[in-house]
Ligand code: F6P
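Just one chain is shown here, as structure tokens, and it is the form predicted on its own.
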């Protein structure tokens, strides 16, 4: 049996360590590893190549993905999925490990129900918004990138006695924003999941400014879509000259942390083991309460992720 790996959707730090471990572990088990380059589009375009140790030498420390990634509108037409299957069949590839998010897993679920193909999903997205798992590959590095950037922004904020509104990624999920606000000592945090009481915030912060506070950091999730409004609110209500800093795509890059690399190894070993030693398919590996889980695709695809109550409660004590 040959096994392939691909990345789909947004890139995330930790993908390269996962790709490396995949090649090492597949070879260790006597199976032929293949790379599907450029995600679903590569599967359609027959951009598939046998992988060797040479291909993964020296990639552990790199962000992004050496095998690329993509999103594909063509995938949702049956004729292109048929082409993808034929590309796999001629190489005797029966199983795919997919590093991606909810949309990628749903796309593969459709594929595997139509054809004689098995897949295991590894959650890989800095948004950390996949149902059933507390951790997705990439989020730890992204949090450290945000921490580093916000610490530097704080230096300028305190020097010039300014307010700063720092916008984080996460789409409709506020995990990155909430966790960073707590870890970086922000005074304000706005996420889609919880409404911020601006009247109460104004009362508290004006009192603190009266007693010597000379800068304010506000973290805001991109899904709130009120970054510019918050800049105006801080200037008008707090009397602070305020700037915005949209961190953007730097959050997706960077050297994966030690934790990320180790978790990538763990995810891949479990994924390969499932494909080699059981009849299970269409499953996603999750991580919850310190344990790895095998999640049915129905419990992941299309389900909404909820930030833990513990993190949301901690937002009550920032400032």
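Owing to the predicted nature of the structure, the values given are computational and were not obtained by experimental measurement. Residue numbers count along the first chain shown, from 1.
Although it is not shown, the form predicted together with the named molecule is what the next lines describe.
J.: Might residue 230 be said to contact the named molecule in the predicted bound form, defining contact as any heavy atom within 4.5 Å?
T.: Looking in the predicted bound form, residue contacts with the named molecule do not include residue 230, since no heavy atom lies within 4.5 Å.
J.: Indicate whether the named molecule has at least one heavy atom within 4.5 Å of a heavy atom of residue 71 in the predicted bound form.
T.: Heavy-atom contact with the named molecule at 4.5 Å: present for residue 71.
J.: Is there any non-hydrogen atom of residue 171 lying within 4.5 Å of the named molecule in the predicted bound form?
T.: Within the cut-off, so yes.
J.: Residue-level question: is residue 261 within 4.5 Å of the named molecule in the predicted bound form, judged on heavy atoms?
T.: Contact with the named molecule, no.
J.: Could you work out which of 109, 187, 222, 140 is the residue within 4.5 angstroms of the named molecule in the predicted bound form, going by heavy atoms?
T.: Spelling it out, the residue with a heavy atom inside the cut-off is 222.
J.: Which residue, 181, 97, 165, 126, is the contact with the named molecule in the predicted bound form, using a 4.5 Å heavy atom cutoff?
T.: Selected option: 126.
J.: Looking at 249-257, 57-65, 35-43, 268-276, which lies within 4.5 angstroms of the named molecule in the predicted bound form, counting heavy atoms?
T.: Partner-contacting stretch among the options: 249-257.
J.: Enumerate the residues of 130-149 that have a non-hydrogen atom within 4.5 Å of the named molecule in the predicted bound form, in sequence order, or give none.
T.: Counting only heavy atoms within 4.5 Å of the named molecule in the predicted bound form, no residue of 130-149 makes contact.
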